[in-house]
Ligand SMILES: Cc1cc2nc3c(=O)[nH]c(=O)nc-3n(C[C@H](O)[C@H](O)[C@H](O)COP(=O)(O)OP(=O)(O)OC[C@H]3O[C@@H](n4cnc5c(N)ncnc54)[C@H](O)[C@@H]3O)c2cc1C
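There is one chain below, alone, in structure tokens, taken in the form predicted on its own.
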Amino acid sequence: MSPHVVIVGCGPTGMNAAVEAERRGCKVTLIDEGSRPGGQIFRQSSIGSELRIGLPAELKRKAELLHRFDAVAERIDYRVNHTAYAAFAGPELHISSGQSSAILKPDVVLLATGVCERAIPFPGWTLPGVVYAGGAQALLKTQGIRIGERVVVAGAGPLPLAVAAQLSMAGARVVSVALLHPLRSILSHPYALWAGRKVVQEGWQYVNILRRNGVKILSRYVPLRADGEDHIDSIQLSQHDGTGRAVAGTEIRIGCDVLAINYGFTVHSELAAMAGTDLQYRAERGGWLPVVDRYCRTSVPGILAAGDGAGLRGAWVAQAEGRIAGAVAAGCYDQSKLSRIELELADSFRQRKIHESFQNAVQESLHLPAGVWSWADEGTIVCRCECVSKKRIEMAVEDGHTSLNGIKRNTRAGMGWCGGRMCLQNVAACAGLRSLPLDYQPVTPRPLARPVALAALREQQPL
């Protein structure tokens, strides 16, 4: 009997896994919150005609992957606009859409849940007009909206440069890009750069686009505060001393009506945690990650994790790992089949290794030095859903609440709409928990991992 494989997430990992598992005769159910396949990196337009946002090589990879997925989409159970809100050993997955929900008990669950963006709190970051860089990119890709009249992009890693260039290519007025680390920070890993030379080439294309369009690139700059009454009208920046702390006397102010920020990512690992998989904390890889082996297997039988949802490593790794995970899922953990899978997918294993090596260079540009936590003052909001300030978090620690669970119970930080995905790494850092000698633990995972309508729980479909 063909195994039933449920895949959560329809980005590059999920799409390739679905193609591979279907090719091997599996019954495949694909769950995705979006209305079209692609995830964030290959997000598609929702206005009818496709918007060509990106470089030619990127667009070619996107078209090829979507073509492969479209060829099998009608042969799988592809559920758009669905949310996976709970996962348990078994495996067992709870999903919802609109006013209904269901419980799935397949042979294998593959979590290809990706990441969400991360900001570092600073005064004024909650003003309207301060957005995530990926959010600005999503508006551009799906709606063709060039956000703002005067845009500043700030952050760390490659995404701020790509988003700024894409906005500029689309006709937006990008005033400046403020990077936490200089571009040369990645040069300390020459072999890794060579391994990812195609990605590096695309990155330099984006840099050259910014330079041709007159966008000023500021290196080693940090945000001091965003100013404005009911909307941002300027951002004050400063050079930092190498540890992330602002250097007095280097302040500059830039007028803008949009500030797009991205200081890394947080892995969507709440379903893996809820299912009881072992986790490890790796800040530059996205926080609390499910521990997986080379075949994407977690510590819980029947549950796989792959792509950025198993550790931030980029779209190239995600695509290769999707094929590997799809094949392993199809084999239902049959140990005797793993060697054959390695031979059949030797190129995917090789590509994953090459681009994981390249990520050693990328991590240099994503590193968050300790001084970045000095940006927030006492009144700066850290948990936006529950309006919890840095001072409130520090008071909880002074009162003896020295775990994330304790801080959550005492302050409500992490109890809001996002379930802590957007804030808990920042809460932990502001509380000083990162200085503990052992890896600190995330909050106890509980359903619901995503907001679900009560009507959907009432109208649960029978097994």
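Position 1 is the first residue in the sequence shown; the rest follow in order. These figures come from a predicted structure and were not determined experimentally.
Keep in mind the form predicted together with the named molecule is missing from the figure; the text below concerns it.
The three marked residues, S2, T29 and I76, fail to reach the named molecule in the predicted bound form, with no heavy atom of any inside 4.5 Å. Looking at L271, you'd find a heavy atom of it within 4.5 angstroms of the named molecule in the predicted bound form. Taking the partner from elsewhere, R285 is found to have every heavy atom lying beyond 4.5 Å of the named molecule in the predicted bound form. Put simply, G39 is close to the named molecule in the predicted bound form: some heavy atom of it is within 4.5 Å. Shown alone here, G302 lies farther than 4.5 Å from the named molecule in the predicted bound form, counting heavy atoms only. Checking G148, G157, P91, G114 for any heavy atom within 4.5 Å of the named molecule in the predicted bound form turns up a single hit: G114.
Contact with the named molecule in the predicted bound form, defined as a heavy atom within 4.5 Å, holds for exactly one of A192, L289, A84, V108, namely A84.
Residue heavy atoms within 4.5 Å of the named molecule in the predicted bound form occur in exactly one stretch of 274-282, 364-372, 131-139, 227-235, and that stretch is 131-139. Using a 4.5 Å cut-off on any heavy atom, the residues of 5-20 that reach the named molecule in the predicted bound form are, in sequence order, V8, G9, C10, G11, P12, T13, G14.
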